[in-house]
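This document opens with one chain alone, in structure tokens, the form predicted on its own.
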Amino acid sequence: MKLSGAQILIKSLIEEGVDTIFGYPGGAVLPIYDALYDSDLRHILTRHEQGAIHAADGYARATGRPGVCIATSGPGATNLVTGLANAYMDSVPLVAFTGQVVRSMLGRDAFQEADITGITQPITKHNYLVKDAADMAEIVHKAFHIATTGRPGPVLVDIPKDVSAEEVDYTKPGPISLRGYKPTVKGNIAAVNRAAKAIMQSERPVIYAGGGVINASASEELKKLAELIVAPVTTTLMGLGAFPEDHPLSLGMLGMHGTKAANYAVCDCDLLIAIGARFDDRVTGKVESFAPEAKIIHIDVDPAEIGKNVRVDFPIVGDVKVVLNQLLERLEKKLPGAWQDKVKQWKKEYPLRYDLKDGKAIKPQHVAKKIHEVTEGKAIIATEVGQNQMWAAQFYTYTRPRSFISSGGLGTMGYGFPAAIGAQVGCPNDIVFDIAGDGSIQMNIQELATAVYYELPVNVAILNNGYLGMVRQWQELFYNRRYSHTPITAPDFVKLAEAYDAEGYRAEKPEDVEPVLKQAIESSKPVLIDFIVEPEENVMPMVPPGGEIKNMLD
């Protein structure tokens, strides 16, 4: 049976279980879009290629299935670069397809040509340039295999226009075998035994859980481990929801804007059990003083992460879910002791808090807290980057995995809104909120048209303080309040929402917050809520850059 390269691509996507593609058409992908016209695949037309890849990313994080996006050659492809880097840093399974000029014009600076495989080599798990339509099916299946196995990540497939138009005999590819690519699944038995012995001997253990727990669907195993050994659990930003924050053993988030209880516990523990986390600088602060009294167990599917940033005493490479089950088989029930009492005291003495002052201005923390109350903690929360992100992390209580979607490693402003759209597409029955800043929301505000067109009831809570808030906070604390280009202007968000045929509300007083949130979640339309918040409110606690995590500003 003869099929065009584009038809083989569509057939291969369906075989991979893909149901949704986010994209933007252009000349180099016309054969693909023509084939798409006859398929049952759902295509979401975003208003910018960056919106497409962030939406695919949000879809992947919310559902656990790989996100898929498509863009044309040249500027269409380069507009995916930030999204690829974002997905790469946060280990998100994603497959991006780009159009390319015809094979005979490669390397000749043809119209809308860009060497996208060269550009993205450092920020993708792997990438391909398809040079023969006969290779299309095999490459597509390999791309999905690479994106979703081991440590997940983005894969890019670049397709010259004449390859997608070329007709060849279609043969279904056989089992995938990639020489040199065999992710380790099961932990080394000797290493697991040593770690289990260290756990049983420890008196002050702390579990430090990252996004790898969520990627491995290992939240239940994490909870069993914590309860079995009575160890407090702290999570990274990417790990929020991996362990229920309403659990007595939860310490919340650690690091630069983590809780004091989490940071103190890490600094005082005798054993740190790191699971699916990478010891990034926002967590560790000054590396030399991070967990100074602790032996460290590090469980991760990516061997490159072991020992990269901190010394590790008990390394275990393997799938987090599998390794945790191996550990659980070797551990015995421990009883709570003085360590648990000390941790409880820290939690009681140093809760996250904010000052209501005279009650006239809306506190951004209050908005995040009220979103949790109004949604009963059942929403999917996406965020932009900056103060809004940290307040969303601190004051919404996450109790289930895949309920917090944010740009962690890259810190991408403009990510949250299209990611929320992708999450809503993937989870149509869930309430979805993007907690945004008045700066970051303007970076991809055009995607409001996408949400309206596809009738996606995404809610956007804009914490409008008139500043690029996190940069302003650093300028206040470390640059003598020299607010260089951080005060910003914004449109009338209510009128803007109405112009897009969405709904817009404004809240200017604390008593307005709850009513507009309830109004928003009852609407079937996309909603923008403009919360006029305290202009110079800071995210606290805060570890100064390069400082020790036990020394926090408050």
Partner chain sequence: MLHTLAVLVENSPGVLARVAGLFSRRGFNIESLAVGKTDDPTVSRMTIVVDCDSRTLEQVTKQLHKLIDVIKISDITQDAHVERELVLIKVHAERAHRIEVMQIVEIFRARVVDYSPKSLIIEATGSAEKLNALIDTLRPYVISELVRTGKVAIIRGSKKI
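All values derive from a computational prediction rather than experimental measurement. Positions refer to the first chain, counted from 1.
What follows is about the form predicted together with the partner chain, which we do not show.
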The partner chain in the predicted complex: contacted by all of R151, G180 and V310, heavy atom 4.5 Å
yes
Among the candidate residues E166, D268, E138, D302, which is the single one with a non-hydrogen atom no more than 4.5 Å from the partner chain in the predicted complex?
D302
By the heavy atom within 4.5 Å rule, which residue out of I116, I146, V101, A291 makes contact with the partner chain in the predicted complex?
I146
So which stretch, 230 to 238, 71 to 79, 123 to 131, 470 to 478, is the one near the partner chain in the predicted complex (non-hydrogen atoms, 4.5 Å)?
123 to 131
In the predicted complex, does I306 come within 4.5 Å of the partner chain, counting heavy atoms only?
yes
